[in-house]
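Take a look at this one chain, the form predicted on its own, written out in C-alpha cells.
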C-alpha cells in the first residue's frame, strides 16, 4: 500500500492580506519528522522522502503527498464545512420567529410598550442587529470578479458567533474563510518528480477536494515546488459586504534520498512491531 505523506499549510490570513504576501506568514508541517524533514513550523519546509527500497533490498511502495491548507484565524477544521451555511440559515429562521413574536406583542400591545412608531422601530433594530450580516463570496475569472451562485454566509467571529458590522466599515476580529490551494507547480513538477492532481473526496472536512501527488522516489535530490493559494479578503462596497479572492504563492521543498524506508516507531525496517514479553 502506498505511504500517505501529509503536508499542512497554515496561513496567517490577516497578516498575509495586510502584507500582500505569504512570505513570513505561512507555517508548514508534515508527518515525516522522523524521516528527517527540516523547517517544520516555518515557511521553509523541506519534506524528507526516504526509501526507494526496504532493508531487505526489495522495492518499496510508491509515496503519495497530500496538501491540506488551514487558516490561523479560521474556525477549527474539525467543524463540518456546512457549519457556516447552517449557522446562517438557523439565524434567519430565528429572526423570522422573533419578527412573528414582535407582531403578536404589537397586536396585543403588551404592557402598553408600543405606543408610538419609535418604540416599534427600536425593537426592529434590535432584532435586525442580532441577525448578523451577510457577505457574498466572489470568484475571479480572466481578471473580472463575479459573485458565486451560492447562498450568502453570515460574517462570524473566531468563536463562530455572528457579529454586527459597525458603521463606516469597522469590523471586529473575524473568522477568515479557509485558504484554498488552487494548484501545485514549480521545479518538482517541471522535472516530473511529482505528479499533482486535484482529487474529489466525500470528506466534509477537506471541502470535498484536495491536492495530491505521486512521487518518483528513484531520483534523489532536493526539489522546490510552488503552491498557488487563494485567500479571501472582506470588503465593503455599494452597500454590500463581499469576500474577494486574493491569489498568492509560496514555495516549499521535497528531499528524496536513497536511504532505506524505516519504521517510525522502531527506527528500523518496516516490519512487525516488537511485542512485549509478559
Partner chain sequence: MVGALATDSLSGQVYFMDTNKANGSTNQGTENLKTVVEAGDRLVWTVISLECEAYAAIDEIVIDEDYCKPEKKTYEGTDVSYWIGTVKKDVKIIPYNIKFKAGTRAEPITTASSLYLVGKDA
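Residue numbers count along the first chain shown, from 1. Quick caveat, the model's predicted, so the values are computed rather than measured.
If you look for the form predicted together with its partner chain, you will not find it shown, but the lines that follow are about it.
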Residue among 184, 135, 193, 75 with a heavy atom within 4.5 Å of its partner chain in the model of the complex: 75
Single option in 27, 241, 253, 67 placed near its partner chain in the model of the complex, where near means a heavy atom within 4.5 Å: 27
Counting only heavy atoms and a 4.5 Å cutoff, which of 99-107, 67-75, 185-193, 120-128 contacts its partner chain in the model of the complex? 67-75
Every residue in 17, 36 and 249 with a non-hydrogen atom within 4.5 Å of its partner chain in the model of the complex? no
Indicate whether its partner chain has at least one heavy atom within 4.5 Å of a heavy atom of residue 158 in the model of the complex. yes
With heavy atoms only and a cut-off of 4.5 Å, decide whether residue 46 touches its partner chain in the model of the complex. no
Report yes if any heavy atom of residue 180 sits within 4.5 Å of a heavy atom of its partner chain in the model of the complex; otherwise report no. no
Would residue 87 count as a contact of its partner chain in the model of the complex, using a 4.5 angstroms cut-off between non-hydrogen atoms? yes
